[in-house]
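What follows is a pair of forms of the same protein chain, given separately as structure tokens and numbered structure 1 and structure 2.
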Structure 1
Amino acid sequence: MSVTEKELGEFRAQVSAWMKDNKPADPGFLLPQSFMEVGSEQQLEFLREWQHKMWAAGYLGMAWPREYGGGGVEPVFQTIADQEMRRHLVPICFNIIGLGWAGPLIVDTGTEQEKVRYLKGILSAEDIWCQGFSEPDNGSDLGNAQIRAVRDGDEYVINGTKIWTTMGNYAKYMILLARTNPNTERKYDGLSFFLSPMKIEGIEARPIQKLTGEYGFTETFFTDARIPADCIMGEEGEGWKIAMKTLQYERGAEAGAAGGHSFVRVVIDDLIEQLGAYSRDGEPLLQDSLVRDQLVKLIIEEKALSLGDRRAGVGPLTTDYPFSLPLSSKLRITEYARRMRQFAISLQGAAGGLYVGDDEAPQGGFWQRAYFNSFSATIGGGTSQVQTNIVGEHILGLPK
């Protein structure tokens, strides 16, 4: 509040310089494009070291209390730091379930004991966190979670299966949504929220091989897994409310997250930059009218997305459907990303048939992998089809 523009400007310059100086060199193996793609120990250790370094330099958890490893300053500093991370294209902050979900929840509502026990490990990347919301048969219908947690003395006994657990095989803790009461009238009222240990008997995190051939998620099986009763957050039956609160933190530092960027944005510039090396019919590809026209279409689309973010902040220009831009944003961005990446492959000629691991694959197979990974965003968090329903019903008021 009392921060001046000048201070912020100076801070930005300082972060920027640090990022520039400390951005790690290419490690010689493919890095994950998002926190959902950490598939090897090699990647994990590299990212752990990088997050630790950023935290040690004071650029993570800036708005969290100093006593738990945070910086104790205004969130706006973190926002700036995050922007600079993205701008300098530094590696991602992989431990995002801790930094952006579990951490802020503990800061906001945790006990003193929980804060002491968990927060610093999240920031330093010592403790990796995962998320246990989705289940195999429920798609994105979280309220329908079936995994059971039964109180037995000072423990809960957990039985059931979670899926799409990011880094489930590496994580030390999970934020777990489980059913403590199967007989409530509203299905939501039977859910409870736990900060569960992962490295205990009865929990098996089986890596899921993705479309890309890589890993990043697990299917997580609980078989009579016993966790201390004090792992519960809040009271029994408050799980749904807490889970919904958790999802709010995703909105970034201003909403309480510890910061860090969790995915590499792939923009049209990345594509255009590389096209100079491509040819078609023996001529530079960028001289082909059809390719040019397709690129211009994509540029217009990406520019409109970017300008949409600006316009969303201008009240008088959003009076028709006030939440149209923010609510359709995930749909528009993820579908654009998918098409753009698919198009990128189409430009590579015979080399488009090569894949990650081939020395001659353009950009190491970056676009092939990026295209395949784009489905995690058009499917996860509500498929594009479901998102379209939501926009149609909530924004346009069309009947269900």
Structure 2
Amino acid sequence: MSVTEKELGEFRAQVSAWMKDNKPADPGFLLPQSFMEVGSEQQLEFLREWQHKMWAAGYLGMAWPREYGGGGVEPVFQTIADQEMRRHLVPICFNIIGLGWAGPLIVDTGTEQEKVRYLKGILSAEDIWCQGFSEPDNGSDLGNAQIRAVRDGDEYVINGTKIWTTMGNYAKYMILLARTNPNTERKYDGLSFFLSPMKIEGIEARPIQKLTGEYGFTETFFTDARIPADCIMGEEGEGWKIAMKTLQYERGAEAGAAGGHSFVRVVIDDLIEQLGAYSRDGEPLLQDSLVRDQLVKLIIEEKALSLGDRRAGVGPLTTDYPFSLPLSSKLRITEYARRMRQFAISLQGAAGGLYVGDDEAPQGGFWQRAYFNSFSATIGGGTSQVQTNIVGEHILGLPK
């Protein structure tokens, strides 16, 4: 059944009113700028309660089936809810690996048992998920994953190490890519995909401190860890295919996410507002012709990114390179975010060297922290270099 513009308008007003009335007050401690900076139990519990509250109100998982905790409505309603979350600057949804990657994968390809077991806990924030793809010795070479999963009766025995495991120390489950057969002709054929429990003997997640001083990532060690054999998704040897499907969700090329915004909204308008307080040689910084030229270029780029998202949904406008916009969105958005934040710091002059905790840091060091944290997004889900290769090979048809 089609949805009318009137219905959508009324829904937007409803969501907006709810967000205004229910937006949490400042908790008095530093909140993460993205799901990759959740580094304390205090932050975790605050965000867990907020996500549960939004789900209970019906604003998460709106397009997922009702029988698994979702809302069973058209995806456009979730899009509107997400837009209002960003507009009202409410706290982030931290369980994004479950909401945006593992959950959609299970909705689309999981068994009935998997849907019943996992989906509601993802939405309610009861069950936190992490991702076990990258390894210390292989980086972005996902196809060369070496962690071993050996079948032993009704269990798999896992040995090896994963790294950059976001919230691995808090997670209840991991989407895990492991090698079940080391002797295949093609390395991709020996990989399998697991929905692995984390709170079991033999799995240790050690937090990694980042440049910002915050945590969020872990290195995860598997030492004779035994997981049930029914944790495998699909069949042995199908891990690469399933992992590539998962990465399409992560890189924005597939729909199906449960919703929620995973990053603090930082847009060019925020930068312009900040510039109003700065001056150079006694003149407002916004009057500087070079600053204005650089600023206009960023404004144009941000607008193009926004319009590109809209264009991606209009088939006749993408016939030249189908899927070019979704497949390149992760590269374009993360690199823009990094450069825009870097520009903001450069305009602070000597004060740009101050950080969170320095009394004289402009805006409490917000832009410095945002800049350092932006690198996480240019690495996670495939580095910008890997993303550039994807554009070259899969969109432009260039040779490997």
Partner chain sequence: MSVLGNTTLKFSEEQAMILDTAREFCRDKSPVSAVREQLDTELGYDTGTWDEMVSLGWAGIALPEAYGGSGLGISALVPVVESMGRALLSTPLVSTALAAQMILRGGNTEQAERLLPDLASGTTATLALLENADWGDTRIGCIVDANGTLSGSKKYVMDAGTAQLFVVLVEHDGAPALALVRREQLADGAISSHTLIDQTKRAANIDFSGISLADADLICGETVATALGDVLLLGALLTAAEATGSAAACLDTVVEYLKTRKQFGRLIGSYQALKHPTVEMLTAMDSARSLLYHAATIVTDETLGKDAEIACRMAKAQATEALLFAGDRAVQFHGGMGFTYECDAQLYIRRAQWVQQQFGDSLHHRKRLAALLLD
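If you superpose the two forms and keep the largest set of C-alpha atoms that fall within 1.5 Å, you have the rigid core. Values in this document were obtained by computation on a predicted structure and should not be read as measured data. Here, a residue number simply tells you its place in the sequence of structure 1, counted from 1.
The chain as displayed in structure 2 is taken from the form predicted on its own. The rigid segments shift between structure 1 and structure 2, and of the options Val264, Ser306, Glu219, Ser40 the one at their hinge is Val264. Rigid-body analysis on C-alpha atoms gives a rotation of 14° for the smaller part relative to the larger between structure 1 and structure 2. When the core is overlaid, the C-alpha of Gln342 ends up 4.0 Å from its other position between structure 1 and structure 2.
Taking the core as the fixed frame between structure 1 and structure 2, we note the C-alpha of Thr319 moving 9.2 angstrom.
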